[in-house]
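Below are two forms of the same protein chain, given as structure tokens: structure 1, then structure 2.
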Structure 1
Amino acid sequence: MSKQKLLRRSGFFIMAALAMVLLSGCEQYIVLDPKGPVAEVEYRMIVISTILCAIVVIPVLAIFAYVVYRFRDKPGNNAPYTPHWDESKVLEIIWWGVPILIIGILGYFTARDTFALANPPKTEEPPMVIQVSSMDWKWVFHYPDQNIATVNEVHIPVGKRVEFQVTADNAPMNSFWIPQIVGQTYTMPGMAMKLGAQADHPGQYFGSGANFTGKGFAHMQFKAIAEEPAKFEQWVTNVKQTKPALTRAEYEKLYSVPGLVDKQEYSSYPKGIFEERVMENGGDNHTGHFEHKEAAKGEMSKESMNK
């Protein structure tokens, strides 16, 4: 077999293997199928990172294959032996300059998009707030404006900005993640973090904890249901009229008894329970809300110091 035929066939099999890996089961790669502006920014970062990495990885793999083939130990191989490249200024510039340039470009895009997502421009219409508590091993969602609560399922209206305020309640640190709508952020006891999101398309999206938290971690998943605003309001009305209230005793049972539970909906919940639990467990607030409680905590600390 001639060298050209061998190279062509090798190239064909390499491309076929890459296609099988990259294209088979595309529907399962939900990270690559964004359904909102936040997820689209993150998808763009994935593409940019992949291209920049490919600039290094593909030539290195190609050169590696060429060197192995060209300089293989074979009778009659007349490949030249020139090992004295240690003072080559050209090569030094290439293998130091290219990675530095790539890291600089990647750093620029990463910093730009990270700050843009962390500090979205303020609009006249405030975002809808949903407070999220991760527990062992369940997700509890509070809707302060609607005064309802759900477990292991969250509803959001399509086209509206949503601010998730997240914490962990009597449970280890976890990570809140809806891949097709928004990236992940950590949930920690005594700390309230926020995460902006928006869904531009109706549908049911996969949500999960992305940080190992013990025995029930693998089943700690939830549905994120994005629906048209009118349908969302209809769902809220139905929950308020047909579902029971979440009492303080039932809420304490949710966070104090580890275990899996089915989807649940509640027509109301103890007002301020999310803020109360955050403040009881440390009160590190990064949401920019419930400042009055922080002020109260500060006064309590002063009183304790004066005693």
Structure 2
Amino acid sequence: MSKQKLLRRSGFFIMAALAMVLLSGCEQYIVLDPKGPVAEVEYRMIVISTILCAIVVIPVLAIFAYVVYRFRDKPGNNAPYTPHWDESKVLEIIWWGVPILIIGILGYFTARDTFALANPPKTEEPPMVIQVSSMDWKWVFHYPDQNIATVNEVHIPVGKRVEFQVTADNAPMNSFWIPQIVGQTYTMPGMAMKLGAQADHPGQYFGSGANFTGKGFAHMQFKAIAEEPAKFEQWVTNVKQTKPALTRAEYEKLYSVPGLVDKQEYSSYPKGIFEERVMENGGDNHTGHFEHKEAAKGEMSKESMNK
């Protein structure tokens, strides 16, 4: 086989392999397939930053390839050679200026969306609250409005604002992540962080713990099930009617015995246990550095009063 042919062949194979990898089911690239407004904002920033970076990277790689080829040290190369030429004001201004400009643009978008995500628009209706505890090694979801609880699976109604309040209970820091609905946030003992989210399309979405917590960490994956509000209500009623209650003793077992459990649904759970556990894990002492402390404060003191 001639060299040319070989090159063309191998080029073909590389392209084919690339295509296979890239096209083999785009739905696998869940981070790039947002299903709600928060994930969409995050996705948009991924796209913008990729484009802005490409504007710099592609020309640099092209210049690189050209320079290396043109100025190689081969006999007969007639490219100009100026061993003492080592300064140019104009060029320096260009390559300080262009990156500054690009970073300026990117910085503007970043600032805008960082603030947008931190201060979501106020809605008439208060968001539906779901309280999330990461334990060793399971996720416990409390639905205070419905007074039901689930383990290792969460249900949310489509098209409604949901506020996740996340904490770690008797466990190391974890990170709560549902790529297609909302980017992650850390769960920390003694603190309850707020995370606004919304799903716009019904479906079953992948969720996982993203921050390492030891032996069972790899198994801390869960499903987030988004359903039409009516269906969601139906599910709630069903749980309330057919599932057992989560007793205090059982709850204690969840957080005090490290291990894996299957997904569970409970028709009720000890009232105020989430807030109580936040305080128990040291919430008292946590004097509100950063803003997330405010998240659970109001309710928390009320609940822990009448325990």
Partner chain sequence: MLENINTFASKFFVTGDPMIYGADVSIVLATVGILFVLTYFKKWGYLWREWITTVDHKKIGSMYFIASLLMLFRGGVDALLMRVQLAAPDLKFLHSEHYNEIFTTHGTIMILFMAMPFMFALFNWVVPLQIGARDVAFPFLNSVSFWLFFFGAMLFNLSFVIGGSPDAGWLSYPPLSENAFSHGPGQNFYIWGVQISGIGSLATGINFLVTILKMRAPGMKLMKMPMFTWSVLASCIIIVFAFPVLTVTLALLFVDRFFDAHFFTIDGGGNPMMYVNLIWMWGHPEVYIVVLPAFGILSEVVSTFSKKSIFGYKSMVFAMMVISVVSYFTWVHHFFTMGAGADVNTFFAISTMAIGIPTGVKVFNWLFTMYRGRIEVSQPMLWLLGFIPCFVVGGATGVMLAVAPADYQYHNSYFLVAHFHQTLIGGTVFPYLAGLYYWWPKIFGFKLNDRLGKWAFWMWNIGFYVCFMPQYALGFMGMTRRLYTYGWDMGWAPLNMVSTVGAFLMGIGFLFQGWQIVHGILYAERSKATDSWGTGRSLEWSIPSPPPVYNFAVVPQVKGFDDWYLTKEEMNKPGYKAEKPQFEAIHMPKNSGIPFVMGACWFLAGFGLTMETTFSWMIVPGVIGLIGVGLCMFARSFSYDTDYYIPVDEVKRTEASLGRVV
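Quantities reported herein were computed from a predicted structural model and do not represent experimental measurements. Here, residue number means position along structure 1's sequence, counting from 1. Here, rigid core means the biggest group of C-alpha atoms that superpose within 1.5 Å across both forms.
- As summarised for this chain, the second structure is the form predicted together with its partner chain, and the first is not.
- Comparing the forms between the two structures on their rigid core, the Cα displacement of residue 86 reaches 2 Å or more.
- With the core superposed, residue 125 shows a C-alpha displacement below 2 Å between the two structures.
- Relative to the superposed core, residue 74 moves its CA by 2.3 Å between the two structures.
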